[in-house]
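The chain below stands alone and is given as structure tokens, in the form predicted alone.
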């Protein structure tokens, strides 16, 4: 056990939890504030303060960025474990996030903007997995229920950041200047870093040193890191000098197929050469099913930053409170906060529901919960399909209730799928492969985020294509969800004693 302070001064928990709570709050504020503006800024005309790129390019850029954020979590965890320790990784990651957002705020070229996005993605990959790990390290030796309660408080910081960021950064960006909106995201991360530094002593010795490795292993590890940094700088510099042209849609396609290949090769390796017994192999097959369901879910859900954002801007009646704004409409980014509102409101209900069903031996298995989550995803697209048809019939805009209902349905799907998947990946993984298979969970999220950007770029704000595209998303969600329900009994048997 580390020597952290045990005085209960933050919701009955050690003060170190408050340090991590507010660091995560400001980091998520930075992330969701920037994300709410990203596609709107990219697609806005130059005269309106944007970059004026087409929908397909904007969607691809969004997808590459969002996918990279989760993909970089894999090396980010390794760097902390082997080289830096979680504390220094969080600090460096936060600094990179702040620098990247400040680059976005500069009135500079598309190239500088893309460099800023790359730096943010690298920083998030360092910070995001390691701050959660540090919460766990802070509670080493503590009772499990105490630890679970700490994570519940910690996740509240995530959702508070997600709730407030679009209201603040989004309003500043849309109503005044997009660059100022990105500036607020960067300043938020700077506040988080200051807070982390000033109150870091409450963490005691937690996260100060990496996990035990030899000097030789650390030296070799740093060589790989520096080699990666040099490679990134070389590629970025070559692109900046015009030595080769980069097409965002082409890069997105290559990136997506690369992630498919990583997933296929890794799961094939672990099944064929991982030394697993038959029971472990069956559990890995369950994980593959959950992996695929997760990728499909996030491909639909994460269109919040692309398709839904453009739908809010161009096709939703935003006259409510419009008299307070020169445009006569409230900001489109406000709708990005509704998911966090629903999470905060509904999480206690879902926690109670699963416990109540469990006491009656009626708790659905993880595959069944995934199936329900995917069906909720499809139901959300049904709502938007009907809204698009109404727009085509009337020639006007629709009220905000359509978009809000879609967010509500998608949030119920998220609560069925996301925490359940995270928990079951840790339980189903063979002990010697837990960390690696948790990385595969992040990979599924990365694939889904990238696909969401590409799909959103394809749909754009063209209402004439929306009914067909939303029907496709409905079929993907409901179809995959139905398969999960049909194969649920078999998958539950393959899970063995894991519940």
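Numbering follows the first chain given and starts at 1. Quantities reported herein were computed from a predicted structural model and do not represent experimental measurements.
Just so it is clear, the following notes concern the form predicted in complex with glutamine (GLN), a form of the same protein that is not shown.
Student: Tell me, out of 26, 65, 470, 70, which residue has a non-hydrogen atom within 4.5 angstroms of glutamine (GLN) in the predicted complex.
Tutor: Contact residue from the list: 70.
Student: Only one of 407, 298, 178, 425 comes within 4.5 Å of glutamine (GLN) in the predicted complex by heavy atoms, so just point that one out.
Tutor: For this set of options, the contacting one is 298.
Student: Since the chain is shown here on its own, which stretch among 470-478, 427-435, 40-48, 26-34 would lie within 4.5 Å of glutamine (GLN) in the predicted complex, judged by heavy atoms?
Tutor: Looking at the other structure, the answer is 26-34.
Student: Using heavy atoms and a 4.5 Å limit, would one call residue 445 a contact residue for glutamine (GLN) in the predicted complex?
Tutor: Contact check for residue 445: yes, within 4.5 Å of glutamine (GLN) in the predicted complex.
Student: How about residue 81 - does it come within 4.5 Å of glutamine (GLN) in the predicted complex, if we only consider non-hydrogen atoms?
Tutor: Residue 81: no, not in contact with glutamine (GLN) in the predicted complex.
Student: Residue-level question: is residue 302 within 4.5 Å of glutamine (GLN) in the predicted complex, judged on heavy atoms?
Tutor: Flag for residue 302 set to yes.
Student: So in the predicted complex, does residue 330 come within 4.5 Å of glutamine (GLN), heavy atom to heavy atom?
Tutor: Residue 330: no, not in contact with glutamine (GLN) in the predicted complex.
Student: If the criterion is a non-hydrogen atom within 4.5 angstroms, does every one of 55, 313 and 335 touch glutamine (GLN) in the predicted complex?
Tutor: Not one of the three qualifies.
Student: Suppose contact means any heavy atom within 4.5 Å; which members of 381-417 contact glutamine (GLN) in the predicted complex?
Tutor: Stretch hits: a single one, 414.
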